[in-house]
Every structure is written in C-alpha cells, then in structure tokens.
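Okay, so we've got a single protein chain in two different forms coming up as structure tokens, structure 1 first and structure 2 after it.
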Structure 1
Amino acid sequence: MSNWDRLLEGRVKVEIKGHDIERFLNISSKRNLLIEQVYQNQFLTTPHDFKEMKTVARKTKVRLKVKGRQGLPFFLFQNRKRKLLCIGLMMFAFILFVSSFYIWDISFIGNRRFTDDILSKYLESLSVHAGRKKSDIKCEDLEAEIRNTFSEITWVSVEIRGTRLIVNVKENEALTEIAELEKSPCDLVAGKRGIIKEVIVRNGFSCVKVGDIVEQGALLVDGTIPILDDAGNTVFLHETHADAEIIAETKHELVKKLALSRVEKVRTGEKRSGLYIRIFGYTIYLLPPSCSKLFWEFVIDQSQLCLLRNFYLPVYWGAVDAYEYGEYERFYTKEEVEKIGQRYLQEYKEKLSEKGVQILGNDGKIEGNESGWTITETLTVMENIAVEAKTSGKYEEN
C-alpha cells in the first residue's frame, strides 16, 4: 500500500494488552482486518478495521487502546470548524487547477549548436513562452516552424507534459548542403592596398606579378580571356569566372579610443541576506532593513516550484544576497591603457588567425590628451586580397 493511500485512508495506532495476543492477530488476519507494523505490542490499522477488531478483542480477551491517529480523515475532523483554512485549501486547489492550463516551463533536450537561449528567444518570437495557454500551442505547427527556421535541426518533437513544454531536437552533425560554386563571369580586384607576394591563378588572366604594389580596387585577375588569331588580333572574348589566390603583404590599422576615466563599482563589505519570492510576476524581497544611501547589488539563487516532475508553477524562490557598493570615477593609468590595448590586439589577432591570415608583425602607439586615450595598432599581415567584381570589359573595345 502506498503512502498516499495510507494518508487518505488514515491510520490508528493501537496498543494491545492481554495474554492471547497471537490468537487476536490470527483471527484478525482471517477476517481480513489490516494489521501493520506490529512492534512492542503496538500496531497500525485503519479506522474501519479498528471498529471490527473490537469484537475480536472481546472474544480473545485482549484490551485495545488507541495511542494515536494519523492521516487525512483525522486531520479534516480536527479542523472541521476552521472555515478560513477550508477556504484557503479550496482556493489553493482552484489556483492549481487554473495554473494547470498554462505552460510554466520550457525545456530543450538534445541541442548543442543552438543554445537554450537561442531557442527560447526564437520561441518567444512565436509568442511561445512561460505563461502561454496550453490550448493555444499547436505542437505540430511549432515543430514545422522550428524545422523550417533551423535547417541544421533534422528532427524535432514538441510535447506538452503537465505544465511543461518539452522540445526534443536532433541536430545534423554533417554539412547539410555543399556550397555551389559560382559560375557567373567575374574579375578579381584588390580588396586592400598591398605588396603582392604570391600569385596562384586557377582561372582567368593575371594582371599583376610578385613585387607589384596594388591599390584598393586595382584589377588583379581578368575574367575575360581574349582569343587571338595568328595575326594577334582578338577574334573572340571568352568570359570566365576568375579564380585565384593573390597573397599580399597588407597593413591593418586598429584604433581604439578610451575616455580619461571610468566609473568603478566598489563593494563596501556591507551585506544583507534574505529570501526572494516571485509569484505570477510579482517579486518580493524579504531582506533586513538598511538606512544606507549607497547602491545595492543583488545576487539571487533562483529555484522554481515543481509539485510533481512535470507540474511546474509560476512560483520562484531563492536566497538573495545584497551587497552594498559605491561608485566613483577612476582615471586610467598608462599601464592599464597598455593592458587594454594588448587585450584588444590579442582578440583581433585571434580573429585573423581563425581566417587563416598570417601575421608578420605589429607596431603600437598610445597617445593621451585632454579628450582621452587613443590606442593605435598597425598589424602587418599576409593575406589573400582578391575579391570578386563584375567583369570590367577591358577588351570589349577591341
């Protein structure tokens, strides 16, 4: 018998005294009267079976004495005159009933590339969020929407369990489609100013050689190839999609400006701890009072009320720690500016390395004046400067 049944049915703790206890137990079991936890001449039984046992007790000449009562029937009987408690319980049951029509928690399972945050924001854009009525959500439609929007998600299942919306996804590990090669005729021009270091032409007519200095926009590879006859005259212009790697030494200039000072938060060491409760969007902080005129920073450890595994409710609570802090203006020192500059440069270098750009060297400069600090970094790199452009039609006049 489960604990729930025990609670609903109620139990009476009975003390048994007499010489023929074993006979009493045997007759009770033969009459199908429930007896549990027989220990130290005490046992548990149901209120109904206890009444039946009185005749058995008389027959076997044992004395039964009630030592305690537990369970819902006794609780209700003891509190039968407490009307407010009854109203409160009914209201609680009503709120639970109404809450069960809404979604209060959205969980994602199986997502790796798309984080919970991305998927939550997407669902929010479809008006699917905590607090939405369950009947308004069409799981099949939602599945189709997710599949259509995120092509990397190959399988999706949306289900409503209790007050939870569970989104199961499977992402495609391999590439979904191979990028189609561009076939339309085009030229390659310089995307940046630089000195040509290497020329690898796969398709087209090269217009530059190693050592040339090219300006931005200069033609590097011509996609229009002239077909000449024996006399050297152009008889036909063959337009192709120019394809080449033109590696050049270029310079990247980074400029970062900083104000002379910044506002810094410093905790004073004053701390208040308390409780945080949020019910249906209303937040209550239970914190000790303070007469401080400074600012407070709150750190909350939040949990959501969950009655059963899938029955979440819009009730959040947790411990809250409030730290007092003051704000003051602090001027940057040259060392700090240098550190910021180095961090900025490092981040930029990492981005370039990811693109396969080779970094040859860098040159930095920090200037400070009344308006603020200026960090200037010049990076010398080797990179492919060829970018596609429409065919120039250079030979068309011929």
Structure 2
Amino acid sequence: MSNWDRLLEGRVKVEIKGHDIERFLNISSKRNLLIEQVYQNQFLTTPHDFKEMKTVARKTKVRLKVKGRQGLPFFLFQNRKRKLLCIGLMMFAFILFVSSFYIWDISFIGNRRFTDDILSKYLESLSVHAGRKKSDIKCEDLEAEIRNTFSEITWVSVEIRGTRLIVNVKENEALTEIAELEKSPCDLVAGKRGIIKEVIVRNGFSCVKVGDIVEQGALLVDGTIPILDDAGNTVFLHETHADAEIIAETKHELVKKLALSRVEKVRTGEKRSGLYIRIFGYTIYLLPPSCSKLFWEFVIDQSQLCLLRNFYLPVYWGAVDAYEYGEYERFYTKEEVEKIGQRYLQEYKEKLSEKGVQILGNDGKIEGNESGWTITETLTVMENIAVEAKTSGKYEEN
C-alpha cells in the first residue's frame, strides 16, 4: 500500500495490553485485519479495522487504547470549523483536478544520438510541450511524425501517464539501409575551381585528365556516351548516370570579421542567496534586497513538484544564487584575435576531415583597421569536386 493510500485512508496508533496478546494477533490476522509497524505493544491499523478489533479484544481479554491518529480524514475532522482552510483545500483539489488534464512533464528514454534538447525542440515545433492538453495529443500520430523525421530512430513509443508524456525510442546502432542509387541520367561538373590530381570513372565518359585546371561548372564526366558502328560512325547517343571521383587540389577561402572591442562581464564579488518559485509560468525570487545599480546573474538549482510517480505539476522551486556583475568595453589584442582565428580554423578543419577531405596546408593573415579586425585563411585541400548536373545529351538515332 502506497503512502498516498495511507494518507487518504488514515491510520490509528493503538496500544495493546493484556496476557493473551499473541492470540489477539493471530485472530486478527485470520480475519484479515490490518496490523502493521508493531513495536513495544503498539501497532498501526485503519479506522475501520480498529472497530472490528474491539470484538476480538473482548474475546481475548486484552485492552486497546488509541494513542494517536494520522491521515487526511482525521485532519479534516479536526479542522472542520475552519472555513478558510476548507475553502483552500477545495480550491487546491480543484486545481489538481484541472491540472490532471494537461501535460506538465516530457521525458525521453533510450535516446543517445539525439539529445533531450533536440527532441524537445522538435516536439515544440509540433506544438507538443508542457501545458498542452492531453486530449489534443494523438500518440500514434506523434510516433509516426518522429519516425518520419528521424530516420536513425527505428522504433518509438509515445504514451501518457498521469501528467507525463513519455517518449521511448530506439536508435539503430549501425547503418541498416543502403540508399538507393539514383539512376536518372546526369553529367558530372566541377563544384569549384581546381587542378585535377586523380580521375576514377565508374560510369560515363571522362572529359578531363590529370593535370588539367578546371573552372567551376566545367564538364568533368559526360553522361552521354556515343555508340559507334564498325566504321567509327555514331549510331546513337546513350544517356547514363555518370559516376566518378574527380580528385582535385582546391582552395578554401575563410573570412571572419571581428569588431574592435567586446563587452565583458566581470563579477564584483557581491552575492545574494535565496529561494526561487515558479508557478504556472509566474516566477518569484525570494532574495534579500539590493541597492546596487549593476546587473545580477542568477544561478538556479530547480526541482519540480511531483505528488505521485507520474503526477507532475507546473510548480518549480529551488535555491537561487545571484551574483553581481558589471559590464565594460574591452579592446581585442592581436594575440586574442590570433587565438580566435586559430580556433575558427581548427573547427573548420574538423568539419572537412569528417567529410574525408585531405588538408595539404593553410596560409592566413590578420588585418586591423578603424572598423575592426579581419581574419583571412586560405586552405589548400584535396577533395572530390564532382557534382551531378542534368545531362546535355539526348537519345538519338542515325
């Protein structure tokens, strides 16, 4: 029996005295009368079972004495003349009743690749969020939406328990589906300017060779293949889906601009601590007053009210620390700009490496003027520059 059931039903603390206590306990047990937390001739039972025990007590010649009462029924009886308290309890019960029709907590289970934040933002785009009416959420439709949007999720289950929306997902650990190859006719053209270093043609007619310098948009592999007769004459043109890797040495130009200065926050050392309460979207900070004209940064340790395991309410509270800080304008030094440029370049290199691009080298410069700083980086890389384009040839017969 849960603590919630004990609270609703109430408990009576009973003291037992006599010479035949063991017989009393045996008979009560056979009659399925509740006896719990037995300690030093005292135990707890329900109000209803206590009335039934009086007959057993007379039969076994033991005395029962009430030592205390606990639970909601006794609390209400003791405060039956307090009208404001009764009105408050009725309002609280009404709020609980109305709140039970809404979602106040969204939980995700089994997600690794997609974080809770990513999935939460996606659900918000579907108007599924805390405070949404439960009757407006169709679990089966939501499951289908998640599966269609996230191809890496192979299984999803959405269910509503109490005021919680629980999304249970299973992500595929490996690539299980091979993308269907595009079979429509196409050519391959240069996605950017470069010097051809390697040509690997699987399907189509190569139009370039190693050492050629090609401009962006130049034809690399022709998807229209001429079919010749024994005399060397073109019988017809066959359109195919060109497939090749055209590796070229190319340049990547990176430009990042910075202002001459930035605004920095510096804490003064002043701190205020207190409590934080948020109810139905309204926030209250219980903090000591401050006469400071500076800014305050709040750090909150938040908890949500949960009456039962799956019955959450839009009530949040916790400890809050407020740190005073000031703002001032600080000019960048050249060393700081260089570090920013290095970090920016490193992030870009990592993205290229993930795509399988080989980096040969880089050259950069930093320029400053009255309007700000300009960071310029030139990367020399080896990459596949072939991109698909509509074929220019047509099926023809002589």
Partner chain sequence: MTKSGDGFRAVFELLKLPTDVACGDTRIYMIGKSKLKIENYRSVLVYSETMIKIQLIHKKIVIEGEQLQIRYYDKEEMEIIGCIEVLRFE
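Take the two forms, find the largest set of C-alpha atoms that superpose within 1.5 Å, and that set is the rigid core. Because the structure is a prediction, the values reported are computed rather than measured. Each residue is numbered by where it sits in the sequence of structure 1, with counting from 1.
Note: the form predicted in complex with the partner chain is the first of the two, structure 1.
The Cα position of Lys334 differs by less than 2 Å between the two structures after fitting on the rigid core. With the core held fixed, the Cα of Gly318 is displaced between the two structures by less than 2 Å. After superposition on the rigid core, the Cα of Arg112 moves by 2 Å or more between the two structures.
Core-aligned Cα shift between the two structures at Thr149: this is 4.6 Å.
Aligning the rigid core leaves the CA of Val14 displaced by 9.6 Å between the two structures.
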